[in-house]
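This document starts with one chain, in the form predicted on its own, laid out as structure tokens.
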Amino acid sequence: MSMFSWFSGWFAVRQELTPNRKKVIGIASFLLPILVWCAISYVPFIWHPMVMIEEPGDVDYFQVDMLIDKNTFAEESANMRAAHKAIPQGYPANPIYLPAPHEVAKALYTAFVTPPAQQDGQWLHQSLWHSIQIIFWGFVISSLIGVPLGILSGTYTAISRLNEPFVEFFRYLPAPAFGALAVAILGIYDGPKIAVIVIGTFFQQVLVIANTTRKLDYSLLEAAMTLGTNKFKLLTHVVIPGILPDLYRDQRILLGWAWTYLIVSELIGTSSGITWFITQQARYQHFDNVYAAIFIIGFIGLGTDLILAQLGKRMFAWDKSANKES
């Protein structure tokens, strides 16, 4: 097989990949960033602007395990050499805000077993559970209103014209801007955090679901109306079953948007959840724990989406596009 044929097989335009190629590319999508991270962390000549002090020598302000800028280290070493004093020793290192992969991997474990720094603080698993509850209630409330309104807007032109101009306007307003107002109305605890997630997802939800509903084949609606179906049955027996697989995929995407508002929402009112953990760890310069917490959010989000994708394949086995998903 020629190189051109091999390349064409892997990068064919809009053609289905074989299961093995899907797995290889899926693994590569995670492996390549990790390899870049490893190169930056472990290969000294790529990017190591600091020096980790091993022996301070006669430099009075140097300490063991202290990070010093390379230029400062070189200058102090030259001064000690000129003064015939003990020269400091160190090795190339990255800034404290960029821990190596093995340090973050270790933190993924230690963050769960290390008690909180403050006596009244929460463990990591408690912070995570609190954040998951915020996401859950925010998205449920948003969906209870947004999904029916989106379906109605996509089905009836009058309803669409009545609410979509305002929704289009409102969706450009940043949800965090309503934080102070939410605190004034709902207090300083979980209410305003849930409200920010609702505001951040509701208006997008209405527009996305309305657009999905409009894609339903109009001939199905015509056939149902010709047979004398009333308005309620048209929605429950034709529209909703017809868009259900696409509606399910829309909700998976919109759930990801809810996660993007989590960090901002938890900064409103009292600090809580995973955001509080990240803020505390950053304050003490435990950036390995910060990265670990961020990755945990990604793992939970991706894991949830994969579970929902597999569930969707079982619920909508007849839908070809659902079964093409990895």
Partner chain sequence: MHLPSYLTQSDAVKTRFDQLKSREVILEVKDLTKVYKTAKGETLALKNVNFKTHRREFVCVIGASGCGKSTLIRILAGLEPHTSGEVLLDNKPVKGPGRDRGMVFQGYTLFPWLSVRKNVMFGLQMNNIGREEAEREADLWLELVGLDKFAHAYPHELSGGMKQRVAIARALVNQPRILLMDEPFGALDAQTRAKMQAHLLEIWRNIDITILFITHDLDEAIYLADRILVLKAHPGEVQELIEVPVSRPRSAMQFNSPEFIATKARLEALIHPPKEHEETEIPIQQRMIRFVNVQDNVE
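Positions refer to the first chain, counted from 1. Every value quoted in this text rests on a predicted model; they were computed, and no experiment measured them.
The form predicted in complex with its partner chain exists for this protein as well; it is not shown, and the discussion that follows is about that form.
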| property | result |
| --- | --- |
| L162: touches its partner chain in the model of the complex, heavy atom cutoff 4.5 angstroms | no |
| Exercise: T229 in contact with its partner chain in the model of the complex, heavy atom 4.5 Å | yes |
| Distance check, G242 to its partner chain in the model of the complex, heavy atom within 4.5 Å | yes |
| E222, heavy atom within 4.5 angstroms of its partner chain in the model of the complex | yes |
| Stretch in contact, per heavy atom within 4.5 angstroms of its partner chain in the model of the complex, of 93-101, 231-239, 135-143, 195-203 | 231-239 |
| Answer option from L306, A12, A317, I25, heavy atom within 4.5 Å of its partner chain in the model of the complex | A317 |
| Stretch 244-267: residues contacting its partner chain in the model of the complex, 4.5 Å heavy atom cut-off | none |
